[in-house]
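Coming up is one lone chain in structure tokens, specifically the form predicted alone.
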Amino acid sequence: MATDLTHIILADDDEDDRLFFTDAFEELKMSTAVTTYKDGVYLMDYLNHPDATLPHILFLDLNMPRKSGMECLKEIKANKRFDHIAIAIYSTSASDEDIENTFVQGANIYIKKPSDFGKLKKVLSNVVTTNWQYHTNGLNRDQFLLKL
């Protein structure tokens, strides 16, 4: 049944990254429904639609045209309707400033995009199998950056 699926959304302007992401989930054979958006405007248009199926986990690239991942994060955190969405920042950047800013804005985890497909599958599997209710209680900066 569709209700047993973990709904996942990725917002990323890089077409190759979107393809690797969806391919990784196909190979993992987890009970997921994955949707991708090529920028933050399309993402927020979808999320703000009253009939939208909200994701359990949202992966946000920081550097996107039109509306950045940081802008999306701020909008999502300002809307109570989105309180139950776990937000994973998914970026090529691993700068301390980006990590700190997204932590302060309320993201749940920060993932530096892996360049290796095997590592990508491991990262995605770890994120999907995390108990987010437990993980976010007492979240601290040391837990925020996912390291493999």
Partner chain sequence: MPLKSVYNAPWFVKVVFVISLFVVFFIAGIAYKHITDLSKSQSLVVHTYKVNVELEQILSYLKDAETGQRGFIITRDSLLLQPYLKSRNNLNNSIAELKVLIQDNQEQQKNLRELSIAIDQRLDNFELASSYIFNKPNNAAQFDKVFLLGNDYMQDIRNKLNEMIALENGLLEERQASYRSTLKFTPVFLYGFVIIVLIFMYLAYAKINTNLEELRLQNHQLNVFKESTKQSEIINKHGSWRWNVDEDSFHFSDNLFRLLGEEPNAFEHTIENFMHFVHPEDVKKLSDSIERMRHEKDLPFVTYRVIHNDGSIHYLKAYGKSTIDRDGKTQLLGTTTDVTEDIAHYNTLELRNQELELNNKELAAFNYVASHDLQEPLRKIQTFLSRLKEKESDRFSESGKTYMARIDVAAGRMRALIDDLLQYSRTNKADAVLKSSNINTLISDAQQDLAEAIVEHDAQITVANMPKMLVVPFQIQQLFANLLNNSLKYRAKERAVIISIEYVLIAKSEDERIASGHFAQYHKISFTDNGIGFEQQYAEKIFTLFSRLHNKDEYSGTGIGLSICKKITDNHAGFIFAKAAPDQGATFEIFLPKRQ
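On a predicted model such as this, the values are computed, not experimentally measured, just so you know. Numbering follows the first chain given and starts at 1.
This protein has a second form, the form predicted in complex with the partner chain, left out of what is shown; the following refers to that one.
**Q** May I ask whether 14, 17 and 116 all come within 4.5 angstroms of the partner chain in the predicted complex, judged by heavy atoms?
**A** Result yes, every residue of the spot touches the partner chain.
**Q** Specify the contacting stretch among 36-44, 77-85, 49-57, 23-31, defined as having any heavy atom within 4.5 Å of the partner chain in the predicted complex.
**A** Of the options given, it is 23-31.
**Q** Any of the heavy atoms of residue 68 lying within 4.5 Å of the partner chain in the predicted complex?
**A** No - in the predicted complex, heavy atoms of residue 68 and the partner chain never come within 4.5 Å of each other.
**Q** Applying a 4.5 Å heavy atom distance criterion, does residue 93 contact the partner chain in the predicted complex?
**A** Flag for residue 93 set to yes.
**Q** Indicate whether residue 121 is a 4.5 Å heavy atom neighbour of the partner chain in the predicted complex.
**A** Answer yes; at least one heavy atom of residue 121 falls within 4.5 Å of the partner chain in the predicted complex.
**Q** Check each residue of 32-53 against the partner chain in the predicted complex and list those with a heavy atom within 4.5 Å, in sequence order.
**A** The stretch 32-53, when checked against the partner chain in the predicted complex, contributes no residue at the 4.5 Å heavy-atom cut-off.
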